[in-house]
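Okay, here we've got a single chain as structure tokens, the form predicted on its own, with questions on binding and movement later.
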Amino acid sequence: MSLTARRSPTPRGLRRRRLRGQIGWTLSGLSVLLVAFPLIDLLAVIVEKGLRALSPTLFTQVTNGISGGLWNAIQGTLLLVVGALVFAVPIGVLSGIYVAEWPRSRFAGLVRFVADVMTGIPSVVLGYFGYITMVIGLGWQFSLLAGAITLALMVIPYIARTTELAMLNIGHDIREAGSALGLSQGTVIFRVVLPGALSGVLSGIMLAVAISVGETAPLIYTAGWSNYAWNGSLVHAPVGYLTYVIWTFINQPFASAHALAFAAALLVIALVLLVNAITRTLLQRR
């Protein structure tokens, strides 16, 4: 018999353990409630006041000062997000694939370092960079293209890192099996590994969409603001967007401005939830 045999706990010891466990779980639950309550309260206020402000004119009329509709802001937000994804998705996904498949190369280390640095740069700094280089330097003025490229610079690191992690989650035996069948490395990566990592890649893209929809500071310096619908020009024409309405109109001492601000906030939340729901549905069907 071992000299270090453990003694079975006494009934009194078991009661103490249960008591400590119950206290711990109670404190944990209270902590979660304390953290979640401000968010829940904020969402409740936005939903309540946003629903009261919703009307058909929001989707058919453009902003007229501090009243009117939000058609120009809705249209501009969608165009900016789509434009940012057009630039960010190919660069981010390919960067993540390269870093995951050739992790020991010097260029991969440089890409990883730059991505980590860019995720820590404040968005207003990137906006000022876009203002200096594109709005002023290239002479584009406030425009859709300047805003979309600035948003793309913000979200490329997130797409690259999530793609890298998703690719690394696919075991090396899958790659070895593809090579054993005589497939080229490119075929293995894009036809075998990438489809297996698709859920993680799409998660990074959805994160990019959420960041793009919710940004204000970089767009103030690059996209500007317009009370009119988009005229089809990529440069020399500012565009509206929902976050500008939230940031600006909520500070106005008018009920019509507050209504537009809450309606815009509700639309931003609904847009993010809708994109996530569509993505999850597509992944489940796949």
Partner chain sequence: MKFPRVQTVLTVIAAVIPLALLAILLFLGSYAWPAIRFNGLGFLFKLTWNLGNLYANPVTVAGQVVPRGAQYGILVFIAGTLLSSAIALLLAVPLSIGIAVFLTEAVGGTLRELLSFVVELLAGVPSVVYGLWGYAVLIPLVAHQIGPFLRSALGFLPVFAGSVGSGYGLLTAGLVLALMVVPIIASTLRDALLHVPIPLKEGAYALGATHHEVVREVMLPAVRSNLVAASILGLGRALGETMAVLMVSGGALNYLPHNIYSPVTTMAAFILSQLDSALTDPTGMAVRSLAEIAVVLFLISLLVNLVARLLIWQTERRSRVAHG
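On a predicted model such as this, the values are computed, not experimentally measured, just so you know. Numbering follows the first chain given and starts at 1. Think of the rigid core as the biggest set of C-alphas that the two forms share within 1.5 Å after superposition.
Same protein, other form: the form predicted together with its partner chain, not shown, and the subject of what follows.
Looking at its partner chain in the model of the complex, residues V114, A160 and N276 each place a heavy atom within 4.5 Å of it. Proximity to its partner chain in the model of the complex, taken as a non-hydrogen atom within 4.5 angstroms, holds for one residue of I149, I97, I170, V201, which is I97. Interface residue remark: P56 is not counted as part of the site for its partner chain in the model of the complex, having no heavy atom within 4.5 Å.
In the model of the complex, none of the heavy atoms of L234 sits within 4.5 Å of a heavy atom of its partner chain. Though the partner is left out of this view, L126 does reach within 4.5 Å of its partner chain in the model of the complex, counting heavy atoms only.
With a 4.5 Å cutoff on heavy atoms, R12 does not count as touching its partner chain in the model of the complex; it lies far away. In the model of the complex, the residues of 23-38 lying within 4.5 Å of its partner chain by at least one heavy atom are, in order, G24, W25, S28, G29, S31, V32, L34, V35, A36, P38. When two forms of a protein are overlaid on their rigid core, residues whose CA moves 2 Å or more are considered shifted, and L42 is not one of them between the shown form and the other one.
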